[in-house]
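Shown here is one chain on its own, the form predicted on its own, set out as structure tokens.
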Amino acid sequence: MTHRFSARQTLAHLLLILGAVIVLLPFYVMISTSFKSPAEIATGTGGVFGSQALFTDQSCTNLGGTEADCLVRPVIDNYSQAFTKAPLWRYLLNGVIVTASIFALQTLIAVPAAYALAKLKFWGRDAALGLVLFCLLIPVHAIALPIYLMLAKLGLTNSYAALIAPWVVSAFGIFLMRQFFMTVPDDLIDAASMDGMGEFAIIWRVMLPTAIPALLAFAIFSVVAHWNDYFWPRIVITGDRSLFTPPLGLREFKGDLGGDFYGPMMATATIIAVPLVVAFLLAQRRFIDGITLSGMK
């Protein structure tokens, strides 16, 4: 069977391919750079994965090592420095603590709020929904300074609370879950009420299990946003290096007068990105179901 593509379909596929190339190009540069030696990075040679020829580690010779003892392979040197030059495991742990705490608290607030906006009838419901939509229009950077001043006066800067507290209420999460709950039949809620369930029991034992696809979609958005966030941690974490999140850890490889360590920096970036890519691939089907708001089957 032969398939004929119209000019419109061909153009659409070309645009999709171009978009994919634009999206994947930074990942290619990141991974390729993490495999190369400093000389190959500076000259733009070495192909995709570098020549992997042994080179002399200058930091080793500066510490008094012989040239023979300081010969290293680029990929091994870059990824080993990612863990030895900076406490990367600590930064990854901080990232897990912060993103997991934010998502758990966001879920605790967003699910009941979304249920109320979708299924309960009360005075001011439309106004409350309008306020949620209005909050979606406010950029984070516009309110960063007032939030920072408030945290500073409370003495909460340089703490996990400063990283977590400002983001526990997610207008996007409330709106996304509300849209999903709108697709749940009212008969299901009525049946649960006839069985003697209260509103909170209905929320957590009936509504939440049906909303797993939407919750996973929200989880991807929330975790990616806060795992990759450099702006806010850079503001509130100013002195305590043990509270650095993974993006802040990349600053450890900025050498200033000594030059930047691009190989270890890109190796660190690759290690930071891998958990997100793996999580998305594992949850891809549920993620798409949640975005399309498929509702109950």
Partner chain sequence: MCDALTLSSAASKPQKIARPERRQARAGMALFAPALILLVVILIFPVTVAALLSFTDYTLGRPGISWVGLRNYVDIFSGSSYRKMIVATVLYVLIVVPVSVFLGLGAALLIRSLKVGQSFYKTVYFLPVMASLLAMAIVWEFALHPTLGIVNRTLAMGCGTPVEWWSWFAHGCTEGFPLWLGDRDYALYTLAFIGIWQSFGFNMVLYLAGLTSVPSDLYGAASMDGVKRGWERFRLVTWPMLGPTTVFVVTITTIRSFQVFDTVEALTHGGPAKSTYVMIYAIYQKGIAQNLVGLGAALTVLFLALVMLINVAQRRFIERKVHYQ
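Positions refer to the first chain, counted from 1. Quick caveat: nothing in here was measured; it's all calculated off a predicted structure. Take the two forms, find the largest set of C-alpha atoms that superpose within 1.5 Å, and that set is the rigid core.
Just so it is clear, the following notes concern the form predicted in complex with the partner chain, a form of the same protein that is not shown.
Of the heavy atoms in Arg205, none are within 4.5 Å of the partner chain in the model of the complex. When contacts are judged by a 4.5 Å heavy atom cut-off, Pro139 counts as touching the partner chain in the model of the complex. Contact annotation for Tyr148: at least one heavy atom lies within 4.5 Å of the partner chain in the model of the complex.
Put simply, Arg241 is far from the partner chain in the model of the complex: not one heavy atom of it is within 4.5 Å. Stretch 121-129 is the answer when you ask which of 90-98, 210-218, 121-129, 69-77 has residues with heavy atoms within 4.5 Å of the partner chain in the model of the complex. Annotated contacts: Ala53, Gly155 and Ala162 are all free of the partner chain in the model of the complex [non-hydrogen atom within 4.5 angstroms]. In terms of contact with the partner chain in the model of the complex, the residue from Ala86, Leu176, Ile102, Ala113 that brings a heavy atom within 4.5 Å is Ala113.
Contacts of stretch 9-40 with the partner chain in the model of the complex, defined by any heavy atom lying within 4.5 Å, are made by Gln9, Ala12, His13, Leu15, Leu16, Ile17, Gly19, Ala20, Ile22, Val23, Leu24, Leu25, Pro26, Phe27, Tyr28, Val29, Met30, Thr33, listed in sequence order.
With the core held fixed between this form and the one not shown, Glu40 has its Cα displaced by at least 2 Å. After superposing the rigid core, the Cα of Met30 is displaced by 2 Å or more between this form and the one not shown. Once you line up the core between this form and the one not shown, the Cα of Thr268 ends up 2 Å or more from where it was.
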